[in-house]
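Just one chain is shown here, as structure tokens, and it is the form predicted alone.
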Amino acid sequence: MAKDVKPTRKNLMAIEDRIELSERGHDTLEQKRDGLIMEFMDILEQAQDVRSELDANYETAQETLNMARAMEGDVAVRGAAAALKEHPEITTQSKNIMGVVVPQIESSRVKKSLDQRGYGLLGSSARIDEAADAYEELLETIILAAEVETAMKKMLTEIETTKRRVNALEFKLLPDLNENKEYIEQKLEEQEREEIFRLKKIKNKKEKEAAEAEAEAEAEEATATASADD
């Protein structure tokens, strides 16, 4: 509340400094918010593309797997899957997007050649190879989707946090500071007017006393002159 602030020149200067600092912070946060929104829109577009690709790859993987089961049998498909020796490896790093740390997921050993799948050329068939290719492609898309959607969520969280800070400055802190500033300025003006009025009263009183003293002196002088003439 403005009434809780002591109306002094020192407090006025301190509030003016806080207003200037808050306005600079507000402008910086607004720029950050706008930049984050632009980055988020780019990531959102990428996430939508990846999601569409993920859905398509999933359908393809399911179709090829069903076809392999139908043509080769579940035993052959399960045997080919069990023959896999080298499993995919996932590593995570991070990158910075306008102050937001987002994950960067890298994978290896996802896509394999026929001889790396373990089941060998003689124990395989074109249907099983197609299913393996499709699921390797699906796994790579899942990894990419995880990276993009995690980045999108982190960006969205940072945007909401930045928006709250902007709103707090714009609708709470700055209005309160400006209200305090106006209150102090008003009180200082009132004090200045009161001081001017007080000084005028003192001046008028001194002038009146001086005039009375002068009149008294003139009267005494006149009396003295009259006495001398007698």
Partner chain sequence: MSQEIAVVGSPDFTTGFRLAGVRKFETVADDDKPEQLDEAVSGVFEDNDVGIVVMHDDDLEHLSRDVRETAETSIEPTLVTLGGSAGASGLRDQIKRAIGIDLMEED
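As the structure is a prediction and not an experimental result, all values here were calculated from the model. Numbering follows the first chain given and starts at 1. So that the term is clear: the rigid core is the largest set of C-alpha atoms that superpose within 1.5 Å between two forms.
There is another form of this protein, the form predicted together with the partner chain, and it is not shown here; the text below is about that form.
Shown alone, this chain has one stretch from 180-188, 195-203, 24-32, 48-56 that lies within 4.5 Å of the partner chain in the predicted bound form by heavy atoms: 48-56. The partner chain in the predicted bound form comes within 4.5 Å of a heavy atom belonging to Leu65. Of the heavy atoms in Lys95, none are within 4.5 Å of the partner chain in the predicted bound form.
In the predicted bound form, the partner chain sits within 4.5 Å of a heavy atom belonging to Ile37. At the 4.5 Å threshold, heavy atoms of Leu156 reach the partner chain in the predicted bound form. Scanning 74-89 for heavy atoms within 4.5 Å of the partner chain in the predicted bound form gives Val77, Arg78, Ala80, Ala81, Ala82, Leu84, Glu86, His87, Pro88, Glu89 in sequence order. Once you line up the core between the shown form and the other one, the Cα of Glu72 ends up 2 Å or more from where it was.
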